[in-house]
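Listed next as structure tokens is one chain, alone, in the form predicted on its own.
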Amino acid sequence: MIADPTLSHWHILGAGAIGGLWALRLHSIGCRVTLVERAPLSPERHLQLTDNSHTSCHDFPVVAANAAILPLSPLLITTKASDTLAALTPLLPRLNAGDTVLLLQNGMGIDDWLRQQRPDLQILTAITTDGVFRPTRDHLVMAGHGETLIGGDTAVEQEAALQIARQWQKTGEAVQAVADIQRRRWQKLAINCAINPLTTRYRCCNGALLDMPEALFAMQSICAEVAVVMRLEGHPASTASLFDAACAVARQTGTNTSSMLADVQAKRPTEIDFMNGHIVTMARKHGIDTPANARITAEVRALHPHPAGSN
């Protein structure tokens, strides 16, 4: 595919499963794509995607975060939330006022930190239900096509989200700009909070939680606390709706290993501070306690040292 000069030149920080997936998708429609890494192992990465019987691949240029050449906008950030502060900090001086940064990652809190650091940036957020895993560092395998939602908090950011969604739709994937991205993010956070850390507690796949009364009680307790915090943050929610959604996702992804359990098994830091830990932090802001979320956060933190997070 020859690069189309009328399309955006995307820079992607964190070309793991989702970042690599979008690098290949954007390349397929003619976008230039440069990967940004903290410590590149080589000047190029050969990414390959297997989607059923179809395989696509491309060699992408790689630049170091502390030597990235301007302009960097638009910048897609797909690093794990726990790695983002260290990975993004070297790039902040290289971003110009008004540059577009799109956060596509699990958990919440990074966008708040980024707005504090650089209120002059155009900061968008996105969520996805795409399923993809990596048998090796540069080989991606599609597990299921989902939907990607993009949005912003201001009229200007929402217009930018709409333009990006229109561009990404050219890949043939389900992408749309939504006006209520924060509510959607909270809903996804609730599901992650109810599933991921409990699969870590019980060392099980997602669907196995549904067969354990103790796990179901914990899921419901977590959802009840998240619902309270969501309402305090201005997003309508009920314990029943969040719990039903979490159970539905656990059922749909029954044989999957959650990303948090995979991190624990690999002795990597988890994103607990940006999931249940974020709930605890936001609850304290409103002067309330969330014991179920605090308990599971402490359990997961104890399994592996964590960098300072949102809590």
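Quick caveat, the model's predicted, so the values are computed rather than measured. In case it trips you up, residue 1 is the first one in the sequence shown, and so on.
There is also a form predicted together with ligand PAF; it is not shown, and the following applies to it.
Worksheet item: Is there a non-hydrogen atom of R94 within 4.5 angstroms of a non-hydrogen atom of ligand PAF in the predicted complex?
Response: Residue-level check for R94: no, no contact with ligand PAF.
Discussion item. Using a 4.5 angstroms cut-off on non-hydrogen atoms, would K188 count as touching ligand PAF in the predicted complex?
Written reply: Because a heavy atom of K188 falls inside 4.5 Å of ligand PAF in the predicted complex, the answer is yes.
Discussion item. In the predicted complex, is there a heavy atom of ligand PAF that lies within 4.5 Å of any heavy atom of N256, even though the partner is absent here?
Written reply: The answer is yes: N256 has a heavy atom within 4.5 Å of ligand PAF.
Worksheet item: Is T78 close enough to touch ligand PAF in the predicted complex, meaning at least one heavy atom pair within 4.5 Å?
Response: No, T78 stays farther than 4.5 Å from ligand PAF in the predicted complex.
Discussion item. Residues N192, N206 and V249 are flagged as a possible site; in the predicted complex, is every one of them within 4.5 Å of ligand PAF by some non-hydrogen atom?
Written reply: Yes, all three are in contact.
Worksheet item: Between the options T125, T100, T148, N196, which residue brings a heavy atom to within 4.5 Å of ligand PAF in the predicted complex?
Response: Here the answer is residue option N196.
Practice prompt. Report the residue, out of Q163, N106, Q176, S73, that has at least one non-hydrogen atom within 4.5 angstroms of ligand PAF in the predicted complex.
Written response: The residue in contact is N106.
Practice prompt. Name the stretch, out of 257-265, 25-33, 280-288, 43-51, where some heavy atom lies within 4.5 Å of ligand PAF in the predicted complex.
Written response: Flagged stretch: 257-265.
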